[in-house]
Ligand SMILES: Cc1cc2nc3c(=O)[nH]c(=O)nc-3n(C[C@H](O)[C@H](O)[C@H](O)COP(=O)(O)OP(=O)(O)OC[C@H]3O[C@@H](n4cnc5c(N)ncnc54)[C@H](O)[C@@H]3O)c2cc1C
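Below, in structure tokens: the form predicted alone, a single chain.
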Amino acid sequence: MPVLSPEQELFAETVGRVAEQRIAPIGARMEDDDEFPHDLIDLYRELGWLSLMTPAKYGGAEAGSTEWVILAENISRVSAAAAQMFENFGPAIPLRFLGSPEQQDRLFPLLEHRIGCFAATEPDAGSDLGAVRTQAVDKGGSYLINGEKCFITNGGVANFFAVVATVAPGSGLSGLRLFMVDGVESPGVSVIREEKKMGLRGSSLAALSFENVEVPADNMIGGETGLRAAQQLLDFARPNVAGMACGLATAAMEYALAYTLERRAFGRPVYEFQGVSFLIADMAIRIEAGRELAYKAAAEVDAGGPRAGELASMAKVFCTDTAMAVTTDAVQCLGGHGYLKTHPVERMMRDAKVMQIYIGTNQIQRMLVSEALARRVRGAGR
């Protein structure tokens, strides 16, 4: 296991206990009715978890990427969909690290009473952020935002948006800016549709329209470094996705282990067949390695280390690929029963798939890792 501080160990124990006792029933309901659980948001707010990334000055925990991984891993053991709710951190992280004191004083108190989301992806701009078409036009003292976003987690329920827009269409990455949009004070944001998903049922994934949304110029975070703001958020978020994947994979492996120890075939437990026990052993090996990598990446992000982005991408790839493999094999271990909704492994397999796709596809992560490796060699050769 990763080395955690006593405070982090206590936090992990607390999250695990609350997940088992209070979150698991809500997660089961989410899977059954596919409805967004507002009572879960209320619970998270009551526990102070929605303020995890908020600076202490504004009543938050001022936590780091490691605490987000702890939160994600332990909640995902009972419900990955329930762990998905922390998109609320999407606006909080860039505001904390790149916002001016005045922006923080004005916006953090608002964010504490809102549901937040990060709105970057568009129909023609997913992995290629330089293709963003949502436009922010300078009106002098304010910006007018127009455009559409898609695949926005929490989008259907959010009323506070961190929006990536361009101030110079056709300029690529250099024209990107990041705006904080308070949906209460700035009308014009509407939900085009709620997507029907393969997994993570009950969480919100929506397409959004921004129509003449007027935003104060002072709500631009990081000035001209909008891409940097987005990248910093992604470096924070990718170890969290790795943590979600580890928690989900662990739950699938433990379920498959318990089932195969109990289930009998040819007069003995299924687990006693090496084809099964070796499969589960491989699950455990990959999960253990993934967990170490997830926490190492989070520690590098928290330290502001030079390999933060590289390790975050590595963790995201390895852990989410592991989750997909482990949950698929868990279904296989249960045979025909694994395909039935009476067992949770089929839900886990569906939940795992999207983790290889969102927050930057695993193909893009491999590209980022390969570029980091090349930079290191070229730098050493100078």
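Remember, it's a predicted structure, so these values are computed and weren't measured experimentally. Quick note: we count residues from 1 along the sequence shown, nothing fancier.
Not on display, but discussed next: the form predicted in complex with the named molecule.
Chemist: Heavy atom within 4.5 Å of the named molecule in the model of the complex: which of Met349, Val354, Cys333, Leu50 fits that? Just give me the one.
Modeler: The residue in contact is Val354.
Chemist: What is the one choice in Gln232, Thr153, Thr250, Thr166 with a heavy atom within 4.5 Å of the named molecule in the model of the complex?
Modeler: Spelling it out, the residue with a heavy atom inside the cut-off is Thr153.
Chemist: For the three residues Ser127, Ile359 and Ile364, verify that every one has a non-hydrogen atom within 4.5 Å of the named molecule in the model of the complex; reply yes or no.
Modeler: Looking in the model of the complex, the three residues Ser127, Ile359 and Ile364 all sit within 4.5 Å of the named molecule (heavy atoms).
Chemist: Residue-level contact is defined here as any heavy atom of the residue lying within 4.5 Å of the named molecule in the model of the complex; does Phe118 satisfy this criterion?
Modeler: Answer yes; at least one heavy atom of Phe118 falls within 4.5 Å of the named molecule in the model of the complex.
Chemist: Is there a heavy atom of Ser186 lying 4.5 Å or less from a heavy atom of the named molecule in the model of the complex?
Modeler: Output for Ser186 is no: heavy atoms all beyond 4.5 Å of the named molecule.
Chemist: Is the gap between Thr260 and the named molecule in the model of the complex 4.5 Å or less for some heavy atom pair?
Modeler: Taking the distances in the model of the complex, the answer for Thr260 is no, it never comes within 4.5 Å of the named molecule.
Chemist: Would Val78 count as touching the named molecule in the model of the complex under a 4.5 Å heavy atom rule?
Modeler: Answer no; every heavy atom of Val78 is more than 4.5 Å from the named molecule in the model of the complex.
Chemist: Where, among 144 to 152, 69 to 77, 167 to 175, 103 to 111, do residues come within 4.5 Å of the named molecule in the model of the complex by heavy atom distance?
Modeler: Correct option: 144 to 152.
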